[in-house]
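Shown here is one chain on its own, the form predicted on its own, set out as structure tokens.
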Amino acid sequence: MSSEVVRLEKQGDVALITIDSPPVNSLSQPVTSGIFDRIAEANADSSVRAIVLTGAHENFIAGADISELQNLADGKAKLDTKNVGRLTGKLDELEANKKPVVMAIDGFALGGGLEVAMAGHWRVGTTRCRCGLPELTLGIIPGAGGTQRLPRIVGVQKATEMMLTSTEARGKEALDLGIIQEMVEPDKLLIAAVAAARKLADGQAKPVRASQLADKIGTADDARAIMQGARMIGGDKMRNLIHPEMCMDAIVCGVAEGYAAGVKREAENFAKCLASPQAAGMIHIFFATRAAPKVPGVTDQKLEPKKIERVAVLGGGTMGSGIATALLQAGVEVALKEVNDEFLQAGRGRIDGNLQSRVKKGKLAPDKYEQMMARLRPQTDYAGFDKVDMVIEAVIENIELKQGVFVDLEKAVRPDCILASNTSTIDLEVIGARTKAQDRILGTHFFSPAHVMPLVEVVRSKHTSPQALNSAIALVKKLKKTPVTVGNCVGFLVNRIFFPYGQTALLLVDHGIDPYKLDKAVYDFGMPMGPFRMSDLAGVDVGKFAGGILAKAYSDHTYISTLVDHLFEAKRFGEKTKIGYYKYDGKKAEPDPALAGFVQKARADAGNPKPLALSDAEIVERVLFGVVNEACRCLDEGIAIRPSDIDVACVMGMGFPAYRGGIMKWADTLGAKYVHDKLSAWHKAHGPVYEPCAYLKRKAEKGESLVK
């Protein structure tokens, strides 16, 4: 098998070893064995003076075979601790090889791929090569010498940054950092690599052995200071996680005690990380994200997505301007329509500000900014709409207004133009009720800020054609966002399933739980902020309006508190009014003692129920189990295709901690029966908001998994 995926051919006195394991040359067991088997063959051939290792399919090695890690993280395979570090040992042998080994790197050299490359004696990369150690995105750390060789090549500061943030060095940057010694165009790669191999064999160039480099490593105290700085920068992003600390510990150990001690510590820490629930959760999210764009009966059919090159965006507010920004960044021509010049200029200004912000941060070249703004066409009428491929409506959440807009659009666009709404709460069939275009009407629900947030809910009604849906999914992927296809209902997926999140939080406050204690408990669990801080961010007034729509739609399992009404009447709308559940100095939120008066009024309205005494863990369960329950309803109704889609949507749309695997994966670790029984008890005490749905009850009775 290894001879099939890794082949050897000779170019005179140079052995050319090529990894050929499509699509991206993952470092599977056959590939790993094949590399070292072919190197052994080259060493045994007296006519071979040097070796070049490269990859087919415009890639070197894209990283480990993640499916092998998934089996370990899910418990389907047992981790053999004796084998942890085995690849490191083989790479140490490669680095000590008497015959020089040149790494010819095109495309990806990520994770284990870069670890293999760094064990070579010389690295030639192409202008499009991408080098990095992104293992921390999977809840693990580099496990084949990466925590030791990369700091010795690029310095501890840069190596720590690259590993903790999973960033890549591409082309010229990889050259400047010393990750590669030469950079060439892709068509010159093998010529340059073979030439370098002969120079090394002739003694015209000195082999670079990364484990022996010392000039960039610094002292142990320097390394510890860098790690402390990294902790301060990482801040709350590192809370509840072990793998960043495990990574930094291995780096410091290598600096303080030497390479051999460092790789030993790396292997120990790698094993600890892989056995952690954080790794299981993050590996689950990795595969769930890859599965999310796949829609049975749509993306698996021979449907050619419509080529979308021109898009009209209706509405230049926060959402519309964010959507337009995302489209411009993806190379799409955008017509921005507003009702008058004043609103139009404001919308254009928001788009300009979004892009200028990236220029100032060095993330967008000035000439690229100019090109993007040149693709924007602001207008106050429907002129040229017969040329657009798709329209995305982002006007205010008013049913009559949206219906009128879609009637106008049907007249203004071509019969094949896709009509999308960014609505977050209104039924698509209601929006398109006055048109004859329902087969090409769908939802593209972006999350704010739309040019930043990675999730888009692609909403289909019972009338939406597979072709229109497939085309919308393709556009979202073009925007470098993750599409999650959902069914048509009030609130769609994320807003609907997180509706109980706010409701049960209000119920607990009505039952004596301090709102600031509740927010802190949820934050400490891993959410970016608690439900009350989130309400202030979105706007208490916005929450009241949207909550009213959702409460009406799902009135059979709703809890109504008057706390929101009292804050609304006092014009405490949150951040934008500098006062809501919290008070604000700039964007810094501070508890407000005056909130107690509003809480007291709401408790009185609720009949002053007996106060609850709950631990932080109990608060988290009472707030989040309602989300799990509503997610199960969405699965039962076909609103969500897969449990894993819900996990992706919660992580990307609501900031649910990825290391817990998403809401369904997290609930599954507790068990369907546990969740069901808790909800049943709370249902008896507090009413229908906690009533377990039929889907969850079936899973509990059968002892089935919530994610399979």
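One-based numbering along the sequence shown. From a predicted model like this one, the values you see are computed outputs, not experimental measurements.
Here the subject shifts to the form predicted in complex with (S)-3-Hydroxyhexanoyl-CoA, a form of this protein not shown in this document.
- Residue contact with (S)-3-Hydroxyhexanoyl-CoA in the model of the complex: residue 270 places a heavy atom within 4.5 Å of it.
- Taking non-hydrogen atoms only, residue 644 never approaches (S)-3-Hydroxyhexanoyl-CoA to within 4.5 angstroms in the model of the complex.
- Interface residue remark: residue 545 is not counted as part of the site for (S)-3-Hydroxyhexanoyl-CoA in the model of the complex, having no heavy atom within 4.5 Å.
- Put simply, residue 290 is close to (S)-3-Hydroxyhexanoyl-CoA in the model of the complex: some heavy atom of it is within 4.5 Å.
- Within 4.5 Å of (S)-3-Hydroxyhexanoyl-CoA in the model of the complex, a heavy atom is found for none of 483, 625 and 648.
- This chain appears without its partner; in the model of the complex, the one residue of 42, 69, 675, 31 with a heavy atom within 4.5 Å of (S)-3-Hydroxyhexanoyl-CoA is 69.
- Listed residues 664, 640, 50, 62 were compared with (S)-3-Hydroxyhexanoyl-CoA in the model of the complex; 62 is the one with a heavy atom within 4.5 Å.
- Shown alone, this chain has one stretch from 694-702, 20-28, 7-15, 680-688 that lies within 4.5 Å of (S)-3-Hydroxyhexanoyl-CoA in the model of the complex by heavy atoms: 20-28.
- Contact annotation for 507-534: no residue has a non-hydrogen atom within 4.5 angstroms of (S)-3-Hydroxyhexanoyl-CoA in the model of the complex.
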